[in-house]
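A lone chain, given as C-alpha cells: the form predicted on its own.
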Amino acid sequence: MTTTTGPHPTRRLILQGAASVALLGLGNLPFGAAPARAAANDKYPEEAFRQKSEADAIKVLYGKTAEPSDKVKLDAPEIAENGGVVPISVTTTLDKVTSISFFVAENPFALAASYKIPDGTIPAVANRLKMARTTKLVAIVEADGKLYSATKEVKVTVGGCGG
C-alpha cells in the first residue's frame, strides 16, 4: 500500500506528520512535575482541623494570636435561615497575604476552612459554611508574617451540624 498518490500526499500521511510534530513538541514540556512538587511541599494542617476550640485551632495552625483589623472585611449574614449553608466571604487590603482561615467557635471542630494564597493573587475568599448554632465567626488573614482578624456574630435559626 502506498501513502502517496503522485506528487500529492494523502490525508493519512499529513495527519501522521502533524501528530509526530505535535508529540515531539509536547515532549519538551514539563508535565505535572512542578505542580506535584508544590503540592508535596504544602502540608495539610490535619491537626488544626481536629481541634475543638477556636483558640487551640489558631495556636496549632499559626502558633500565635491575631489582632483585630479594619483592613479585613468579613461578610456574613446577621441571621442565617439555614445553618447548613451559611454564605461567607473575606476580602482584605493588606499586602503580602499568605493565608486566610475561617473559625466557627460553636462547631464540633472550630477550624472550618483554611486557604493558602499564592503571591500575586487577589486576597479574597468566599465559601458556604455549616454552622451548628448561633455563634461567633472569625476570619484570620496572615499577611507579612502577622495575623489579622475580623469577627461577626451569626444567628442560626435552623441547625446545620446535626441540628
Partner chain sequence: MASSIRVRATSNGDITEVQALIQHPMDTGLVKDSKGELIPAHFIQELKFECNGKDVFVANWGTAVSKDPYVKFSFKGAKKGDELKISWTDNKGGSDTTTAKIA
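All of these numbers come straight from a predicted model, not from anything done at the bench. Residue numbers count along the first chain shown, from 1.
One more form of this protein should be noted, the form predicted together with its partner chain, which is absent from this view; the next part is about it.
Put simply, of 69, 127, 135, 51 only one has a heavy atom within 4.5 Å of its partner chain in the model of the complex, and it is 127. 117 is the sole member of 94, 60, 117, 105 with a non-hydrogen atom within 4.5 Å of its partner chain in the model of the complex. Although the partner is absent here, residue 55 sits far enough away that none of its heavy atoms falls within 4.5 Å of its partner chain in the model of the complex.
Remark: residue 65 does not count among the residues lining its partner chain in the model of the complex, judged by a heavy atom distance of 4.5 Å or less. Annotation for 56-87: interface residues with its partner chain in the model of the complex are 84, 85, 86 [heavy atom within 4.5 Å].
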